[in-house]
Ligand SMILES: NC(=O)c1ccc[n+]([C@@H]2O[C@H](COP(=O)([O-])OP(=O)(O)OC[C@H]3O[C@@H](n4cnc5c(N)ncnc54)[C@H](OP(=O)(O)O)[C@@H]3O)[C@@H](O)[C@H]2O)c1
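Let's start with one chain on its own, the form predicted alone, as structure tokens.
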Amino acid sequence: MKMRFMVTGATGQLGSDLVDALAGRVPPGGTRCSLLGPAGPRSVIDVETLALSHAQLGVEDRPSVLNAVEGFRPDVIVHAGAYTAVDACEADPDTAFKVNALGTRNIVEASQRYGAHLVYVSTDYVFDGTSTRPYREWDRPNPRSVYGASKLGGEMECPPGATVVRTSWVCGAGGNNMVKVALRLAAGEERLKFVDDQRGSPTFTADLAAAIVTLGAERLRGLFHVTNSGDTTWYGFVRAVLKCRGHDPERVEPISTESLTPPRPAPRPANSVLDNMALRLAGLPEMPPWEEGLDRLITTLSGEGARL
């Protein structure tokens, strides 16, 4: 039986890998649908996908959302579209909430009206970062930034039957991310400085997309933390990027967040490590270690001529 998936934000860093995973292709630097093993989820064998960029579907436009869903009648909507410019959100909270919260409300309304299962992609920024352990799905959110508050607003719009996926420190072959920033800087001669007091779990879109496809195809409802396993600081991560590409990791120096010049407008969680407890308790395999994801991504970027 054919399953219809609609993807918002389909040309973004995660969205493009979601489209690949739904087409049965292994996303660049990825493995095939890691949660259910090498064969992938059974539901992905016969899929029809409507992939919509923000230019094609602004989720803040309610009539357009309703029309798109009515016309395609998806079985599953993966809502990956979002306003993710974290620092810009601080200066423009109306746009952040219009896209991330009200836009999600529109997607929810359409999904309920036309009977589609909803998968909403959220963020580690819903937490304040003060926990001394990894955050569980049942911990109380307390965002410190406008971006985090707007994404939490989107979570609050989701009905009980939806799937909410929180993730963190996202990197992929498409778009801009810390891996590409680090490689661009490594091409120079200067020493590099990165904060060593922010800790998280780097997550690679190729692995994340496979997990999201699985959760959507199986309609696993509820809140899931989905990150590559293990954690590090931005300092440790950039060192690993340089080492993986054959550069000298000793060029990277640790600094504190307070030392950043200029300071970032949006506060970052000091600890945004997410415990993938719901996946573990549901008996689903862990995501691959972040070091493996990084190695695959670096290999992919090297094979593409490192289009940074």
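This is a predicted model, so every value here is computed, not measured. One-based numbering along the sequence shown.
A second form of this protein, the form predicted together with this ligand, is not displayed here; the remarks below concern that form.
- Asp275 falls outside the set of residues with a heavy atom inside 4.5 Å of this ligand in the predicted bound form.
- This ligand in the predicted bound form is approached by Thr11, whose closest heavy atom lies within 4.5 angstroms of it.
- Under a 4.5 angstroms non-hydrogen atom cutoff, this ligand in the predicted bound form has Ser168 among its neighbouring residues.
- Interface membership of Asn228, defined by any non-hydrogen atom within 4.5 Å of this ligand in the predicted bound form, is ruled out.
- Only one segment in the set 258-266, 51-59, 66-74, 244-252 has residues whose heavy atoms sit within 4.5 Å of this ligand in the predicted bound form; it is 51-59.
- Shown without its partner, this chain lists Gln198, Asn106, Ser131, Thr84 as candidates; in the predicted bound form, only Thr84 has a non-hydrogen atom within 4.5 angstroms of this ligand.
- Note on the partner interface in the predicted bound form: the residue among Tyr147, Tyr135, Phe237, Phe224 having a heavy atom within 4.5 angstroms of this ligand is Tyr147.
- Contacts between stretch 116-131 and this ligand, counted in the predicted bound form as any heavy atom lying within 4.5 Å, involve Val121, Ser122, Thr123, Asp124, listed in sequence order.
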